[in-house]
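In the form predicted alone, a lone chain appears below as structure tokens.
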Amino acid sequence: MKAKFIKGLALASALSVAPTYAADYVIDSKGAHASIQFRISHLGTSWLTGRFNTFTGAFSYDAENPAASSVNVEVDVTSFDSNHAERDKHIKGDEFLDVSKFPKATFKSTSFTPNEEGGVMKGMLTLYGQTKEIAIDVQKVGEGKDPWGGYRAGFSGTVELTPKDFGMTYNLGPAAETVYLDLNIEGIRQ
């Protein structure tokens, strides 16, 4: 009896220190709990804002080892929406996004470096037929059980892009050389 008790304690002890592994999450973009928004200066006097309405993706996250985190996202560039139909048609045309040739954009992470504010996610962004490395400043928003029996984790991030770096050469003036992407990602653990 004593031997079984000791074996049971040893097994419980081993399980309690067993390493945790990264969990896989699907981004809840269809449930409207994730967004990819953009802003760009308009003549240096205000912000033109909008979003990409359709995207999919997944990420892997381990709170015990955040450096092992990764993410993959595919954006339907044709879903560009600045809340103005004529402008959207122009931006989707060949002077800007040229969605007839480049209907998708993708991001695949290559590394995550944690810091006190959250971390920096580096990866390869393919946009307008060009692939470049970018760095996204990431903050963890939270994680926990949801009311439907699942488990979720959420992050936000911001990245600055220069359209010229991706081959978009239409001149909007010096105030509009940078586009800011604000990312809000909530994932459902699989």
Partner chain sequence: MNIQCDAANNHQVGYLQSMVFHRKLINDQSSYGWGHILLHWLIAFAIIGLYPLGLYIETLDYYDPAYRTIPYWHKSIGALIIFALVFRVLWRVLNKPPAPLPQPERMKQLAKLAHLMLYALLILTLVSGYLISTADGRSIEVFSWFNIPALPFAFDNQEDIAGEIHFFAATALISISSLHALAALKHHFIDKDTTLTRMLALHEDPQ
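Positions refer to the first chain, counted from 1. Please read these numbers as outputs of a predicted model, since none were measured by experiment.
What follows is about the form predicted together with its partner chain, which we do not show.
Its partner chain in the predicted complex is approached by D88, whose closest heavy atom lies within 4.5 angstroms of it. Taking non-hydrogen atoms only, K140 never approaches its partner chain to within 4.5 angstroms in the predicted complex.
Looking at E117, you'd find every heavy atom of it more than 4.5 angstroms from its partner chain in the predicted complex. Contact between L43 and its partner chain in the predicted complex is found at the 4.5 Å heavy atom cutoff. Between the options L172, V179, M168, A23, the residue in contact with its partner chain in the predicted complex by a heavy atom within 4.5 angstroms is L172.
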